[in-house]
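Okay, so here's just one chain, in structure tokens, the form predicted alone.
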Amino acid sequence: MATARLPQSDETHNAGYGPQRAVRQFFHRPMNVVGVVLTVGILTLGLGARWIAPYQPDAANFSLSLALPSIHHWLGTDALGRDVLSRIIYGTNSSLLASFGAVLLAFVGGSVIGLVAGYWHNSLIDEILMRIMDAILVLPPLVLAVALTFVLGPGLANAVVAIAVIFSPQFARVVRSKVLTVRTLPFVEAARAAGSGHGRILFRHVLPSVVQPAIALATLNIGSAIIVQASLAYLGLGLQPPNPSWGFMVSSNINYLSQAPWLIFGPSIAIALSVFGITLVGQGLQGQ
């Protein structure tokens, strides 16, 4: 009796402490900690912009046009006398929320496509869905995003949709590859034998077993989405002025690079730090 209960006790112990061990291992790596600190810091700036930013982002003061960085304006002012630091802080919302939203849409849409294609492997549904995904993957991501946003029209919502489209195939392929393995496992066959419908099998039994790689991929893609979103904003296809956006701040002030380089450096550094921090978190999660 004692020997029969011992493995069960060990299994329960491992199940209870597995997540805690994973968290400890994650934070044991210094670069993971750096990534979390950067990501949390940037998200805090965005969520608390109205309380953290020293000025309103659209508060113009023409007497302070292109003012040098000072104690009152840490990153100087732009051509309209608006505080650059405040505009960067407020721009965090559009830049990060758009990127998170686009990756979330891609995650949901791509995962559903991968689930359906993998579950009905070698069927006409599988063939059609995956050929569409392959066609999207063949095209350069930024070029496709620009084309889609141009067709849909400029604006943050359309930019989110365009970014979601270009990232969906990655999730579809990752989820499909896992479904091809899971669909033949005994617990799925048992669910079929018990009379469960396709929807119940897919979302109750298969999805929980294949979603973890897609979540890790999502964290990595957020950094790429930030770059694409900033590129669209740079081209005037993202969030429209006077709303602050990192990419548009760079493009609208490029002519002042030699005269007022802080106008470019501030938003560029914000983009770089955001991508760096979120990518470190994604790599850490993928390494678990």
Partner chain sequence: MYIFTKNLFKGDELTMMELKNKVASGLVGLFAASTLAACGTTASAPGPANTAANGPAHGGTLTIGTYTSYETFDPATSHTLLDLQIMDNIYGNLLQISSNGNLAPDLATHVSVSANGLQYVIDVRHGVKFQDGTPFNAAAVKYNWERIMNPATASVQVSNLGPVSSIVVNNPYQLTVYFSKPFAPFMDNLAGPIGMIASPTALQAEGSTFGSHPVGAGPFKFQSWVPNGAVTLVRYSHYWKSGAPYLNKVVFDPILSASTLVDALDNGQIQIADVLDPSQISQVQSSAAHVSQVPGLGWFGMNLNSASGPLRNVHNRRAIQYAVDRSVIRNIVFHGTGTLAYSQFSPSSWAYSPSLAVPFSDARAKAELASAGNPGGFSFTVQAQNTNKYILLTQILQSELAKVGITMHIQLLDLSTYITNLNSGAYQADFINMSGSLDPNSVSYIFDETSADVVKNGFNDPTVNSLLNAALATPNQAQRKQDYQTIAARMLKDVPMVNLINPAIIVGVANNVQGFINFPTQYFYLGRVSLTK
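Positions refer to the first chain, counted from 1. Predicted model only: the values in this text are computed from it and were never measured.
Beyond the structure shown, there is the form predicted together with its partner chain, which is absent from this document and is the topic of what follows.
- A single residue from the set 82, 205, 178, 73 has any heavy atom within 4.5 angstroms of its partner chain in the predicted bound form; that residue is 82.
- Among 236, 54, 41, 48, the residue placing a heavy atom within 4.5 Å of its partner chain in the predicted bound form is 236.
- The closest non-hydrogen atom of residue 68 lies beyond 4.5 Å of its partner chain in the predicted bound form.
- Residue 150 belongs to the set of residues with a heavy atom inside 4.5 Å of its partner chain in the predicted bound form.
- With a 4.5 Å cutoff on heavy atoms, residue 213 does not count as touching its partner chain in the predicted bound form; it lies far away.
- When contacts are judged by a 4.5 Å heavy atom cut-off, residue 256 counts as touching its partner chain in the predicted bound form.
- Contacts to its partner chain in the predicted bound form (heavy atom within 4.5 Å) from stretch 230-257: 236, 239, 240, 241, 242, 248, 251, 252, 254, 255, 256.
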